[in-house]
Ligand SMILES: Cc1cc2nc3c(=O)[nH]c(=O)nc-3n(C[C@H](O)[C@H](O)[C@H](O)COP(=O)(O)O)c2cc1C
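One chain follows as structure tokens, the form predicted alone.
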Amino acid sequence: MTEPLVKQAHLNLFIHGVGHHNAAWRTPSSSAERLRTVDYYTELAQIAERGKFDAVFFADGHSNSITAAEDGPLWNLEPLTLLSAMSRETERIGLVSTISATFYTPFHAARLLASLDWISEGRIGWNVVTSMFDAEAQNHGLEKMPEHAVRYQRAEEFVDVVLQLWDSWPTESILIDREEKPDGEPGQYVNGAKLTELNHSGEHFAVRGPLNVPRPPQGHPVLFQAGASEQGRELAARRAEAIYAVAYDLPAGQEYRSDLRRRMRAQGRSPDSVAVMPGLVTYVGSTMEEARAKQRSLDELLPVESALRQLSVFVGQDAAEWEVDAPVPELPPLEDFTGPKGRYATILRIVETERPTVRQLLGRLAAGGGHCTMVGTPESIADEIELWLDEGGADGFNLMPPSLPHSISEFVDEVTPELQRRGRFRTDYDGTTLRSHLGLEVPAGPK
């Protein structure tokens, strides 16, 4: 008899500075001096590729501040430019970046992503975001961010236009017919009848088209989405082909995934075709004590003042004067919060379930901002990953290593083989594109 099939995990590596723990850059062995070098990021991608991960992922931001720069590394190199270089030093792993629908235009985004898909031979993914902070808007000629609902209305139109642009120049239209015809007609490079002018005129964009890059190898680069708000979930249900999520614990993961699957069914889509991948922070040790010691060693390097500044951003109010050894002050309900709702909802859940002091909350948020954290041996972490897969909390995880490259090397060398031994993760790539890694079909082209 054959063994019953078990659900396999999808795994992404979320690359962020020298690690997602706010104090990772302060460790003597950190790679903080290498953050402006392509080789550093390429090495991280190669480690993830050695582990047969689906993709590496970069978030992006459009602002900086003096205090943020003092507190630790955020953005150093623009991610799309960086992915272009990384694609030449990797072979199979997917390459995903955030592009903001608030600050780009559809034509610009479509052209960049289509070009990258050709450069990488079909390994590009696009994480659609709407951006959040007034400081970002002020770098783009705006006084403040548009209202939340307006940002998502713009994003909906943005995505629709980008998809149309990718389809506007079919590759089969390229003839490269060099020969002059008997009637004197010159050779023809492209059959122009197959190209489409969009002539789109919408509420937010006017785009003529066609795109000046042929249809990408994947048809459409894979569309990721990470919204936790009502509008974000609706956009994900309609458009996303893979979803990044914030889930503090298994019940939160089950609630989010179940809700997204219900919304996808209502849109006439198969929810089984879309992988939901919560963020995951791991501390791996040969024993539980060793793993906890690794977590503690980073937490002890966390400066309270800068951690309070970050908390202020997360909760949308000044936390600088909060008493660190007192309980967390009462916070407004989720419906009254105007910032990034996914992380704020996680903070509310931590406060409600754990009743932490401010200091304890800072430690909980130090790596990954409240995403799921697993501390233990390779076996115990594999047990927890299996539980999330089997109980409907996740289809995989977006790994947020507290320290880079150390934490991702430990995961690839110790946890991944355990998952493979259990039949929970691939031992080799089946295809060459990001779509193939995620089990997605190439979208049908224009008729």
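Just so it is clear, the structure is predicted and the values come from calculations on it, not from any experiment. Position 1 is the first residue in the sequence shown; the rest follow in order.
As for the form predicted in complex with the named molecule, it is not shown, yet the points below apply to it.
In the predicted bound form, no residue of the candidate spot (Y104, V161 and V213) has a heavy atom lying within 4.5 Å of the named molecule. The named molecule is not shown here, but in the predicted bound form it comes within 4.5 Å of a heavy atom of V129. Contact check for H148: a non-hydrogen atom falls within 4.5 Å of the named molecule in the predicted bound form. Among residues of the shown chain, Y152 is one whose heavy atoms approach the named molecule to within 4.5 Å in the predicted bound form. At the 4.5 Å threshold, heavy atoms of H371 reach the named molecule in the predicted bound form. Residues with any non-hydrogen atom within 4.5 angstroms of the named molecule in the predicted bound form fall in just one of 59-67, 32-40, 45-53, 378-386: 59-67. Checked against the named molecule in the predicted bound form, the candidates A319, A252, A228, L331 yield a single residue with a heavy atom inside 4.5 Å, and that residue is A228. Among the residues L223, V246, A366, A275, the one placing a heavy atom within 4.5 Å of the named molecule in the predicted bound form is V246. Contacts to the named molecule in the predicted bound form (heavy atom within 4.5 Å) from stretch 91-107: T98 only.
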